[in-house]
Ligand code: EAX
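Shown below, as structure tokens, is a lone chain in the form predicted on its own; questions about how it binds or moves come after it.
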């Protein structure tokens, strides 16, 4: 073998070794969420992952698991704690079961509008994110699910009495369920991947979710009535684990947090777009929409429930959120 040929083979071997090393250095992050990849969750998750990949020069890349393919939100949060999932984009619905302090943001009619909710979470609400590491979780950022509205297959809902007796799928969230009982609803907790089938089969009469979820889940195929109750603002969170974060350099940690901020902007923007265009789309798909509900009657029906919330969370703490400007 000539010297030149030996040198060429050595160069090829070196290049292959570098390529294998580079491939080996790439970490695949598994990210899960319950709606589709075209939903607001998918939009936010895609921006999060693209920014992480870009900021780490491809050393971290995501594999998406949408459509509840890894189970409901509670199961995915547990998987993040256990280390079998790296990131979950989840509503706060089940989060209070892991970090009890978060339950306060799930109180019905706590936030006036999107501007109020977003500014609170981006300001004083950041303090809640410090509660997660003690529970084996890291909250990268607040993001958004949206204001929740009621759908059902039986009748239009204008006031609480119209909802009375309806069997409605809810998240496994004590704060939500207590409020819904005050409306006369029979709350039926169920993991999200099971909801479409349960509505289709009549196991439950209805469900409640933000417009982006109602749209992306095609609930118009199995629900006739939509009422814009806006009864709960539903935040969401990008959650990972100390196990993932502790492997990162300080520079990479900054990349992850900055990526989450950009993802939040994108996810909220998708919520805005779906809110603006989705109601007309759902009407076109055959849903009867009640745009104007008796909000005062819904709030009045929660009077006794709010007394219970005040005992649990502190009346001053609730008022601080409600009065935040």
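None of the values given here were measured: they were computed from a predicted structure. Residue numbers count along the first chain shown, from 1.
The form predicted in complex with the ligand is left out here; the points below concern that form.
Using a 4.5 angstroms limit between non-hydrogen atoms, residue 87 is distant from the ligand in the predicted bound form.
Contact check for residue 34: a heavy atom falls within 4.5 Å of the ligand in the predicted bound form. Within 4.5 Å of any heavy atom of the ligand in the predicted bound form lies no heavy atom of residue 151. Contact between residue 229 and the ligand in the predicted bound form is not found at the 4.5 Å heavy atom cutoff. If you check the ligand in the predicted bound form, you find a heavy atom from every one of 171, 192 and 213 within 4.5 Å.
Partner contacts here mean any heavy atom within 4.5 Å of the ligand in the predicted bound form, and among 96-104, 141-149, 112-120, 239-247 they occur only in 141-149. Residues from 62-88 that approach the ligand in the predicted bound form with a non-hydrogen atom within 4.5 Å are limited to 73.
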